[in-house]
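The form predicted alone is given below as one chain in structure tokens.
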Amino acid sequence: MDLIIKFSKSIPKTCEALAAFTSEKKKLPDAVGVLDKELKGFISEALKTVPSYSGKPRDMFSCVLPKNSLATHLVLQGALDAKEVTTLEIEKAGARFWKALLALKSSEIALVPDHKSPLSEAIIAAHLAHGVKLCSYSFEKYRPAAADAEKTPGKVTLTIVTPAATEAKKLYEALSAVESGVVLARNLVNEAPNVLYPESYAALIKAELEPLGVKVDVLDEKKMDKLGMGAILAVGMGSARPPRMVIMRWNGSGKKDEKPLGFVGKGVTFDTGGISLKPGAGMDAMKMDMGGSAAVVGLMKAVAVQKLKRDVVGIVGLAENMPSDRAYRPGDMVKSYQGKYIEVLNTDAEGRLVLVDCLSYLQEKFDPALIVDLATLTGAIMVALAYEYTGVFANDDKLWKALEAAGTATGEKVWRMPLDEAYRKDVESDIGAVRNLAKNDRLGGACTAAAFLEHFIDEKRIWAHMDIAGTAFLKTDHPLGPKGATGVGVRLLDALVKSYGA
């Protein structure tokens, strides 16, 4: 479905469905009030017959209007309490409107955001549109066209009606750029693993980002072998599709001496667990084990489309973890790019191996002002935080507070987890530098995984690790989108790039 969003000072004459807020006392906004008078109180009377609609925040009401009305359907939502009105809550309200409007199968919709709040009319209109757009996402690449036609029209035009239409349109342009990054990330995570594998993924990144001005370099298995990137190469040994490392650079500041903000993403395009094979049930979901890389790629697109005046470097490690006669084994000793030997005890703890070569390369080549890595790294983080929060391990209070603020603003909730010397010792190897499975085995698994990564972070380097295993892919709908890939990380990191040190 193609959703087109417009902004106008008046309701289009062609609209089929009309949506608006009411006050808690069910008071109709001016535009709907005029329509109600024309209909001799039809809407007011209809509201009286639905006791479940009280006009309180988040209440929803819909009805069919009489023939020859301005529209055929009306959708109303209780306005948010002035104390609750944030851009995030407005976006959620937009998502609720969309879910109600989608069921009507209308191709021309007008939304009147007559909402009394401290936020300006332009901000409300722009963020309503943002919420609608994010919620409207669907992955339809492989669905029969006929099946989609039964659900929705092929093209829907949503007009946001506001006196501040010109300003709202300008504000929405920046939000739309972020949407493009979120949609890209969601598409990548939802894509089939026989279509998205290291080589094809790297080619897709180049095709998507280079036209936007992002410099993209791809290291193939030969280049990585020459550089001594034994960790990521070990993970990909069992696959017929060799690994890739992709380096994306956006030089927006125009300054030669500015340190870039650095981001790293785990891109295991499919994870069988390797020789330490996962159970078969649910293994199909392991196509999402590249969610961290998708977030970084989506961020780079959002940054480039907005032409942000910041220097940003993103690195993603792409590998397919497969069992075969060539696969790496429990008991192997693997030499990382940093020169440290890693004792492999479980080939299903592969994500940390992919990440450390990327982290080391980023630090050595670009000396970033900060590093944030994202990875669907452990099931243990889901035991602790379920699907609600991304676990964040940060070695710097300022960076943590910036991530927390960005999470609050975007609704991508984060929770700080501990880094501790005890966890660092737990992943030290008796025969090498580190081991990829802690001595305490499954206890504190998310913490020891972060501690493993910390062994490869330079002293005094500002760094945070985000474990998105529970938030990258959901089996139920979420506030700003349908089930499946969430694109988590793109909006949060976009907010971080704009705010950190600015």
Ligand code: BES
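These figures come from a predicted structure and were not determined experimentally. Throughout, we count residues from 1 along the sequence that is shown.
The same protein also has a form predicted in complex with the named molecule, omitted here; what follows describes it.
Highlighted residues Met288, Asp348 and Thr378: every one comes within 4.5 Å of the named molecule in the model of the complex, counting any heavy atom. None of the heavy atoms of Val32 is located within 4.5 Å of the named molecule in the model of the complex. In the model of the complex, no heavy atom of His455 sits within 4.5 Å of the named molecule. In the model of the complex, the named molecule lies farther than 4.5 Å from every heavy atom of Lys133. Taking the partner from elsewhere, Arg186 is found to have every heavy atom lying beyond 4.5 Å of the named molecule in the model of the complex. Only one segment in the set 193-201, 350-358, 291-299, 400-408 has any non-hydrogen atom within 4.5 angstroms of the named molecule in the model of the complex, and it is 350-358.
This chain appears without its partner; in the model of the complex, the one residue of Lys99, Arg416, Lys278, Lys335 with a heavy atom within 4.5 Å of the named molecule is Lys278. Checked against the named molecule in the model of the complex, the residues Val305, Ala71, Leu209, Met382 give one hit for a heavy atom within 4.5 Å, which is Met382.
With contact defined as any non-hydrogen atom lying within 4.5 angstroms of the named molecule in the model of the complex, Arg442 is the only contacting residue in 438-455.
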